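As a starting point, one isolated chain is supplied in structure tokens, in the form predicted on its own.
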């Protein structure tokens, strides 16, 4: 006998759910628009922002859908006038506490930042626009202060004037990376995202993976290198590809304006990385279009200086170097390292070149490095 299918009633519609799923996960899968600011599907549910609250029949008060497990026969309302009013009030509170959001020009959407700041940087602005909120209703004390001028690292901007204390950055650093490089200090309006001893990121255990940047829903943590490209003309376009640096095969989105690369963002649905990248995959991309990048081979002349050459001349010079090394030092002086991201045909060619050409098995690839 097949196992009985569990269902809940979601806004009056009977829908199935899997064992262990939360009400939020069920709602997302069935395309209900349940807002949130502290939620990241890669992290343990936190239930801090309370925007995802839903009404459950039989319970007196709304509950956070991200931390509430679905149970058979549960009747849930995800969007009512009461819930929408509750969410708007919460967003007004969030906008009023964030200095940058509260001080937005008249008519501007609170929390509006350039999308080059990071993958999730538009979440607050999107919700503020949807609920037509401003930072004026609960104007008062602010929390967080920017570390922009105090932290000269080349990769991550710490613009905490935009911080809303959702703690996603702290949690992704701990839960996904295991670095625990950043944490939370103080409480209330004195809350501050910080490092150990309030030091620079470069003096902490931060590996500059950029996970905190890409999960931040306000752009308080931002990609410094990408922000240098804000004035490049053109519309932002994303192209899915694979990071070339090692054999893991992390999925990335190359962000471009016209023909120019302006950022690299991790693919949150990448099967190998699920939104994670190392420092190279996240930030080492500007060499692709650097002005000093070679466009033709160079060979060293008799005077010791490098000069431009044709491909035929360069390949002949390389072949002569191999022959000389083999003649003077034997086969074991020849060693090859292939790219872990090279096509099968290229990998086969390299190993054939070393094994058949020189009679040695001295060959490896970068995925073991």
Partner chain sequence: MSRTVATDAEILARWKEEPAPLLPLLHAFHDRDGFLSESSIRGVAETLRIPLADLYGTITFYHFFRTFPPGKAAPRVCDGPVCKTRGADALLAALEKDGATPMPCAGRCDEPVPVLIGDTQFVGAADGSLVERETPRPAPRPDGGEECVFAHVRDPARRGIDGYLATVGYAGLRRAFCEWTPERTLEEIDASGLAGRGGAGFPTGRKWRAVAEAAGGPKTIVCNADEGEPGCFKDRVLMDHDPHATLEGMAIAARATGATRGFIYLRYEYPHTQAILENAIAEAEAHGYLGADVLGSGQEFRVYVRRGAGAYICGEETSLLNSLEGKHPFPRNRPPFPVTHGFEDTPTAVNNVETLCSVGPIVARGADWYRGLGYRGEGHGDHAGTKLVSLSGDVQRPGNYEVPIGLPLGTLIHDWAGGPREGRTVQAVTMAGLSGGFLAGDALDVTLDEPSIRAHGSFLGAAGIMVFDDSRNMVEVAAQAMSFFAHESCGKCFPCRIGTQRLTERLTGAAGPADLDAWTAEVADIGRTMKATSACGLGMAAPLVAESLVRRFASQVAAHVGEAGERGGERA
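In this text the structure is predicted, and so the values were computed from the model without any measurement. Positions refer to the first chain, counted from 1.
Omitted from view is the form predicted together with the partner chain, to which the following refers.
- Interface residue remark: residue 296 is not counted as part of the site for the partner chain in the model of the complex, having no heavy atom within 4.5 Å.
- Looking at residue 67, you'd find a heavy atom of it within 4.5 angstroms of the partner chain in the model of the complex.
- The partner chain is not shown here, but in the model of the complex it comes within 4.5 Å of a heavy atom of residue 53.
- Though the partner is left out of this view, residue 186 does reach within 4.5 Å of the partner chain in the model of the complex, counting heavy atoms only.
- Proximity to the partner chain in the model of the complex, defined as a heavy atom within 4.5 Å, singles out one entry of 108, 72, 230, 139, which is 139.
- Interface residue among 273, 146, 122, 191 relative to the partner chain in the model of the complex, by the heavy atom within 4.5 Å criterion: 191.
- Comparing 283 to 291, 251 to 259, 109 to 117, 165 to 173 against the partner chain in the model of the complex, the single stretch with non-hydrogen atoms within 4.5 angstroms of it is 165 to 173.
- Heavy atoms closer than or equal to 4.5 Å to the partner chain in the model of the complex belong, across 79 to 95, to the residues 86, 89, 90, 93, 94, ordered by sequence position.
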